[in-house]
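Only one chain is given next, in structure tokens, and it is the form predicted on its own.
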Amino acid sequence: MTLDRRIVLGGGLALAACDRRADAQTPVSIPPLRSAAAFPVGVCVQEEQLGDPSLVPLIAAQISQVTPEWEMKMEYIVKDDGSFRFEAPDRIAAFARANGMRLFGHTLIWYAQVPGAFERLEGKRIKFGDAYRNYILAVAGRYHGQAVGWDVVNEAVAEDGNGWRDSLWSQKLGKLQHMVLAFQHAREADPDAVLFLNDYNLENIPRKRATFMKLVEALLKAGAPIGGVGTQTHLAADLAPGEITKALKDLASLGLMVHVSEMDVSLTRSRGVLKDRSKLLAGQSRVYAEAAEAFSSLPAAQRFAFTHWGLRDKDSWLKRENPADAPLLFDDAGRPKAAAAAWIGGLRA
């Protein structure tokens, strides 16, 4: 993401209403995303969305892989007493299975989530390490045989690319070692899943991308069984042309599988280079087209999947932060936008 995801960026209801009128577009006709692409096409879902009679058919028609948006994260799974709950991720897994879709696990270890049950553990390294391993084995092991991959460690690189983030995990188990252990435990739990290091701003902060790639190399050297790299690809509509292409080429040079893991293209997070709403929409389409073309150009064996972080605008976390945003391929009603046609057009370029 271009800015910290937790910052709410203005925008009121009046502006949102104005922008909805400005976003009115000629309806486009597209083939299903999953049939247009030569690789799996994913989307994130929440358990409550599986009861939406208008969204479920859209996902079923367009998508071949699902990622739980947050209900496979510690904030859901780890209860205050240290026990685990799996009702929501189990339902998402069952939905994927019933619809012949791949399931992607997101995420095992994330610096931003520290359940109280972990914080209350005594300071003994062995006890903390045992709990850490037990969690990863329980979660990754539960979906062994269905999850095709996991974001094992999420957002490990500092915001500006200056080194790695500090966290409870790094404090207790070591800055590099907690990541090595996470990958080793995930491999123990599931010998078949592709294991990913996942991060954001790799397209628009070259320094962060360089640090990310050095971290991958350090983890591999330390024996971490990394099989892929994930780039979230939360972008803004005024991203300079060529940045996505450079980033994906760099990441592919590691020789691992590549996952565009959480793509959306914000209108409201642009830096003001494009001010007119129609130009922002055109920029959004250009960014989507470049992402599709750049990913399509990677070696087939490295194209793990291309995941959109939602299908309809109204379901996006960006829309929840700013009602004026419209970052996805389908509008609030589930109709394909020009950005969807552009993404498919990029596949054919």
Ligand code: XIL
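One rule holds for the numbers: they count along the sequence shown, beginning at 1. Just so it is clear, the structure is predicted and the values come from calculations on it, not from any experiment.
Another form, the form predicted in complex with this ligand, is not on view; read the next lines as being about it.
For the residues S167, S270, T211, N154, the 4.5 Å heavy atom test against this ligand in the model of the complex is passed only by N154. For the options F95, W110, Y143, Y132, the one in contact with this ligand in the model of the complex, meaning a heavy atom within 4.5 Å, is W110. Considering this ligand in the model of the complex, the lone stretch of 284-292, 314-322, 299-307, 27-35 in range is 314-322 [heavy atom distance within 4.5 Å]. Under a 4.5 angstroms non-hydrogen atom cutoff, this ligand in the model of the complex has E262 among its neighbouring residues.
Proximity of H185 to this ligand in the model of the complex falls outside the 4.5 Å heavy atom cutoff.
In the model of the complex, no heavy atom of K172 sits within 4.5 Å of this ligand. Although the partner is absent from this view, H234 contacts this ligand in the model of the complex, with a non-hydrogen atom inside 4.5 angstroms.
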